[in-house]
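Single chain ahead, written as structure tokens, the form predicted alone.
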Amino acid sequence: MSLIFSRRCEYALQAVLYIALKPQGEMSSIKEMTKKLDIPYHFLGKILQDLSRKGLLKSLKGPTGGFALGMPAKDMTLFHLVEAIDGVELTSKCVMGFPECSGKNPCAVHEQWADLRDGIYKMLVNKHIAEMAKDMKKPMYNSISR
């Protein structure tokens, strides 16, 4: 499990990257993705349906159905996905959970967390799915037709 994202969000990121490597408009089935990415079938199905409801994916039922990106990969950022699955509280909340934490009333790690939080936010909004898919080096992604 990631230090930053939930397991659900990790699986969403892996699946969207997988879909992004397919030729535009080509559908990816849940069955295909669960085999390639080793993600539980029903869990992935729920995640992909959530992303479809939020417009990040398109879904099509039937034997030739599956999932495709709901917007161009060059326009979709990590922020879009993380916001859709986990929310983006990590970019604004105190790491120690204090509701009143601020520069004026800081917790013991406020300054260090602020720097990390800002770096994470910049990564989320600046990393586009197209660029990440292109840079993907994991073996399970290498056999996808691009």
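Counting begins at 1, following the sequence as shown. In this text, all values refer to a predicted model and were calculated from it rather than measured experimentally.
We do not show the form predicted in complex with another copy of the chain, though everything after this point is about it.
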Legend entry - Single option in Gly119, Pro40, Gly55, Gly65 placed near another copy of the chain in the predicted complex, where near means a heavy atom within 4.5 Å: Gly119
Inset, instruction - Would you mind picking out the stretch of 44-52, 111-119, 25-33, 57-65 that comes within 4.5 angstroms of another copy of the chain in the predicted complex, counting non-hydrogen atoms? - result: 111-119
Inset, instruction - Evaluate Pro106 for contact with another copy of the chain in the predicted complex, applying a 4.5 angstroms cut-off between non-hydrogen atoms, and reply yes or no. - result: yes
Inset, instruction - Give a yes/no on whether Phe98 approaches another copy of the chain to within 4.5 Å in the predicted complex, heavy atoms considered. - result: yes
Inset, instruction - Answer with yes or no whether Leu69 is in contact with another copy of the chain in the predicted complex, where contact means some heavy atom within 4.5 Å. - result: no
Inset, instruction - Indicate whether another copy of the chain has at least one heavy atom within 4.5 Å of a heavy atom of Ala84 in the predicted complex. - result: no
Legend entry - Within 12-50, the residues that have a heavy atom no more than 4.5 Å from another copy of the chain in the predicted complex: Leu13, Gln14, Leu17
